[in-house]
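A single chain comes next, written as structure tokens; it is the form predicted on its own.
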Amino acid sequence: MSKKYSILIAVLLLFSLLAFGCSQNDTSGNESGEKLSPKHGGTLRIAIDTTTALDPTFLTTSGDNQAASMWNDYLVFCGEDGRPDPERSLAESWEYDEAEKAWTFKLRKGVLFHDGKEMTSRDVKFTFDRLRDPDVGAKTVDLFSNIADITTPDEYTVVFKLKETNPEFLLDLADRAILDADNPDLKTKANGVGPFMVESYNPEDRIVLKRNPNYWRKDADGNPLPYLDGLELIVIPDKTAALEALRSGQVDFMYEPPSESLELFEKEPDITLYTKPSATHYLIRMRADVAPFNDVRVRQALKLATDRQEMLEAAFDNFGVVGLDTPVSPAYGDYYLDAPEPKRDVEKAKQLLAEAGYADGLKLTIYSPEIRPNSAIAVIWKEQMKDIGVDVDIQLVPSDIYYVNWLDYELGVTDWGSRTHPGVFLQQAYVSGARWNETHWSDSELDDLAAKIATEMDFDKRVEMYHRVQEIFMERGPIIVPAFKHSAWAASNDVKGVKPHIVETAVDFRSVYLERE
């Protein structure tokens, strides 16, 4: 990052702390390629992000999702490549009846909750009925609105009857923790079927988990999983602080090391860096229902004045790819529209502002979590907007406060983690009335395409529709996506078995172990 931006970001972060107070290479094995024998035992210390919820139905932050993946298991497990993995799923098999629009899942027998109760189809039905119940208030209601009914023919069979076909239904079900239907208090009692059990939960400090002795999975050699005796999840939302904790030996593993520190790993013999392309992005989003952002000319002007390459270099240290102002990443393969990178055009941006009635410029306030890269994006964008007469005031707030008010901010910098398929972004954040529609955008053509994508079983037709969706975002969308950040994790060298996952928070610790004397 240039000295100019480093100084600006440092100053703004200092002001933020004064105002709010202190807030809380794909590789594995050894270098010789020798196969290591996993060892049982030991406690892995992991730096995680801010946590706000124990109830798996109401996970909001990255920290919530990181923690939940360790004590829960899923009807359908999403593998590292973003596809369903039958070997790690609670459903031992599934089949689809196209005529009936019905998915039938056969459950594994003998899977126990942490309190010893056996998981049955009743628990699965309870879980997904809760996720789609408007009275419960989960953010997944729209995602599962296509489910007409869930039935349980017997204790180990669950049938989902759909209103319309859904080509990505298995991925929609993926990584939804199965709840105990008899749990009297889901907010405070963590009774899952996952590899680790919650021993203590302090959302501002740490979560301590111990090995589930009755976990259902075994490794390829028949050894019981997980290998570790336990996990200590230490809340360190500041990535620089988390990295220092890793380097000093206070933690063994961290998510998302700061992109500006990645060169450091070439000189750190005791730390291993893991990377993977992803759909993680940090967007500048405008509320399309209020002035001046309800004028597409203003939105286009701000896009034209944005230098995405500079943003990628300065905020992400080139650790990613330039974004095209859509939520669809190159990581999604054929779904991605490989269009030319947007070119910065200051004069055209000024012309559009003048046509919209802002020839003398604009004054805007942008809200951002105080952590990087969000804060860095805000600083860089502020400097870029000066060239078109737009004065941007930056309000940095702690992440937990930002995500209490984020849907109301007229202009903000929001981070979105990877999803298993891009349709999730559309349904959760961009169709009219979506629960996480932070832009308050309503576009009839986009709504129509999103609805068709959700039901179209022909892959080539879905690709064509996804390409048109991305064109709509480029033409008139209310978001600026400067870059898609590669996913990254870092661990001490004695942590073995780490597999980078397309969803950054979903690293599978069931087969991770410690190679220590």
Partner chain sequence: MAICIQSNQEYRHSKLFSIWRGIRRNTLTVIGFFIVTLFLLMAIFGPLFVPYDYAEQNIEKRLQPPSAEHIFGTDEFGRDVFSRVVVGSRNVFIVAGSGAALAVLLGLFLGLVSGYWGGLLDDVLMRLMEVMMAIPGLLLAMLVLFSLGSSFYSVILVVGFMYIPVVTRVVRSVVLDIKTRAFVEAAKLRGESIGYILFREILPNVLPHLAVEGSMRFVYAIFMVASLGFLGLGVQPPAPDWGFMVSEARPFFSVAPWVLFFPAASIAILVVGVSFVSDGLRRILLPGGVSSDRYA
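Whichever C-alpha set is largest while still superposing within 1.5 Å between the two forms counts as the rigid core. Numbering follows the first chain given and starts at 1. Keep in mind it's a predicted model, so treat the numbers as computed, not measured.
Keep in mind that the form predicted in complex with the partner chain is missing from the display, and what follows is about it.
Note that among 420 to 428, 96 to 104, 443 to 451, 367 to 375, the stretch whose heavy atoms approach the partner chain to within 4.5 Å in the predicted complex is 367 to 375. The partner chain in the predicted complex comes within 4.5 Å of a heavy atom belonging to Lys382.
At a distance threshold of 4.5 angstroms between non-hydrogen atoms, Pro398 is in contact with the partner chain in the predicted complex. Proximity of Glu263 to the partner chain in the predicted complex falls within the 4.5 Å heavy atom cutoff. Not displayed here, the partner chain is kept clear of Val328 by more than 4.5 Å at the level of heavy atoms in the predicted complex. A heavy atom within 4.5 Å of the partner chain in the predicted complex is found for exactly one of Val235, Ile271, Leu131, Ile394: Ile394. When you look in the predicted complex, the only residue of Ile388, Leu225, Ala314, Leu324 with a non-hydrogen atom within 4.5 Å of the partner chain is Ala314. Annotation for 412 to 432: no interface residues with the partner chain in the predicted complex [heavy atom within 4.5 Å]. Once both forms are fitted on their rigid core, the CA atom of Thr104 lies less than 2 Å apart between this form and the one not shown. Superposition on the rigid core between this form and the one not shown places the CA atom of Trp71 less than 2 Å from its counterpart. With the core superposed, Val379 shows a C-alpha displacement of at least 2 Å between this form and the one not shown.
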